[in-house]
Ligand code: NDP
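Given next, in structure tokens, is a single chain: the form predicted on its own.
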Amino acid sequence: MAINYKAELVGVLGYPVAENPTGVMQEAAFAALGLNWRYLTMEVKPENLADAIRGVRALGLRGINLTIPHKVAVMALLDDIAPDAKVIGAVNTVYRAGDRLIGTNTDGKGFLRGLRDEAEIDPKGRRVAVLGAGGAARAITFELAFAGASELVVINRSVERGQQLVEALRQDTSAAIEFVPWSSTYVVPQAIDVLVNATSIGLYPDVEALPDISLDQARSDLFVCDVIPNPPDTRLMQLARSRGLRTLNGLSMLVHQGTIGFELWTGQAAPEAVMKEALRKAFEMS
């Protein structure tokens, strides 16, 4: 057998990016499958993004992740964008097809995979309330609409940003869409089947923060999700469990979007359990 010392490279571009944990789970996955691949965590300022993408091409990277603030700006620098990512308006994963760089968005898909596989909930026909209107909320709401959710309620502090998301959803999906300004405590109505926190409220180091909501009128089988992976057991998760409600934490979405990227890059099935355990240990140490 010929000796090959060449490692295949993937990574993440962001600014700042030092606390991004994606490399932990991807490196664990490469090791588990015996792949000579490396995941690089690279800090790139916005004004240097175009040069960084030229570097991705020149160095032959097999793919990259994009995080804040590059998810929108990168779209103009790629050869093609997946149709759903075009509608969502953001790219968080790029994979190579020959010499072409293709952008897609795995955030919402990762959320849906966790909802279906771990919680065994099909969003089709469900009424879902989503806290937030940022990048995560945008990806999640669009994917829920594509999956057949019957009604989506967007709750956000910024009226302008919330209305922009609602208008985009109404234009590109057939779900019933409502916007609720988050000017006071949001009382989750009994009609809602699934509640999703797509904000950064509760993210480390602000682990005691809790979204300003009330579950007093919520249905007894409300399902509560959080996109925050660190800590996995947020105050929202604790509140929901204290009411006897089922939950899905943010570790699920982070792992599942990562497995989709892994599969796009390597062409192999991702070792999901290995990836989740690697992240769990990393977060325990943080």
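Residue positions are given as counts along the sequence shown, with the first one as 1. Keep in mind that what you see is a predicted model, and the values were worked out from it rather than measured.
Beyond what is shown, the protein has a form predicted together with the named molecule; the following relates to that form.
None of the heavy atoms of residue 247 is located within 4.5 Å of the named molecule in the predicted bound form. None of the heavy atoms of residue 179 is located within 4.5 Å of the named molecule in the predicted bound form. By the criterion of a heavy atom within 4.5 Å, residue 134 is counted among the residues contacting the named molecule in the predicted bound form. Although the partner is absent from this view, residue 199 contacts the named molecule in the predicted bound form, with a non-hydrogen atom inside 4.5 angstroms. Comparing 142 to 150, 79 to 87, 112 to 120, 155 to 163 against the named molecule in the predicted bound form, the single stretch with non-hydrogen atoms within 4.5 angstroms of it is 155 to 163.
Scanning 96 to 127 for heavy atoms within 4.5 Å of the named molecule in the predicted bound form gives just one residue, 107.
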